[in-house]
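Just the one chain here, the form predicted alone, laid out as structure tokens.
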């Protein structure tokens, strides 16, 4: 495997094989599978689970890792092309990234969207500009529109819970947040559920529709896998017989890059906090999923997050296991 960049790059059989490998590695560890291997980790955006889970995964497989972030004691990084570097930054990313990649057998890169121009982010211009600088295998640890490691972990979580693929009802719901957040998780989560063949409802207020290219890509995947996608603004109707509600905040695509207009739109939507009443029309065993971090009392009520419906902790642990499978496939020592 040369790249783990987009869940859409993999067939359902390939994803199933990765999940089976993740389960096997959990039950039957291989502490020398990556002995002597090094994973470079470049974080241009903050992280808790992604950072810790990748380091833990490499350690469990017998390898090592190192972390580089602008928040650490490194020179300021310049990313703009054609710039005269007479300011604070002492190093350009065009030199930094190839050097970081050269110290490892593979590299993980995390770089959020700029969220200034929607088409720019849909085209993954920033992330692609980084991967074009390297020739080592790489892992997308979250880009403007993708978070495949989270997607693989979420797929495994639903498998672990026995939630059906076809005939499974999946609700991807917008939730309130005081700030505009990236589209990576909702966009790639929609794609994941579509490839799984689920019947999906995107529940969101007016103005928070996901971009049409994202919806089109997911509709094609759903059709190929025997699933479906619809949209709704009616919580009760959307939650009818739901197996899963996956809550996530995201930016208004109607006002993408316009913080003031986005804020004005979300100011009246603080009732979009998932509480027990949301499950009145759902299945009795409907589960609550979220990628974390999550704001208690803002995105979800304590009673839901601490209750039996919530699977956010096993979901987070599956990040490590899913990434172990990816690293094993990408870097394992051939005997």
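Numbering follows the first chain given and starts at 1. Being a predicted model, the structure only gives us computed values, none of them experimental.
Not pictured, yet referred to below: the form predicted in complex with phosphoric acid mono(formamide)ester (CP).
- Between the options 291, 300, 41, 34, the residue in contact with phosphoric acid mono(formamide)ester (CP) in the predicted complex by a heavy atom within 4.5 angstroms is 291.
- The contact residue chosen from 147, 156, 196, 169 relative to phosphoric acid mono(formamide)ester (CP) in the predicted complex is 147, the criterion being a non-hydrogen atom within 4.5 angstroms.
- Only one listed stretch (25-33, 45-53, 302-310, 271-279) carries heavy atoms within 4.5 Å of phosphoric acid mono(formamide)ester (CP) in the predicted complex, and that stretch is 45-53.
- Interface membership of residue 204, defined by any non-hydrogen atom within 4.5 Å of phosphoric acid mono(formamide)ester (CP) in the predicted complex, is ruled out.
- The single residue of 107-129 lying near phosphoric acid mono(formamide)ester (CP) in the predicted complex is 110, the criterion being any heavy atom within 4.5 Å.
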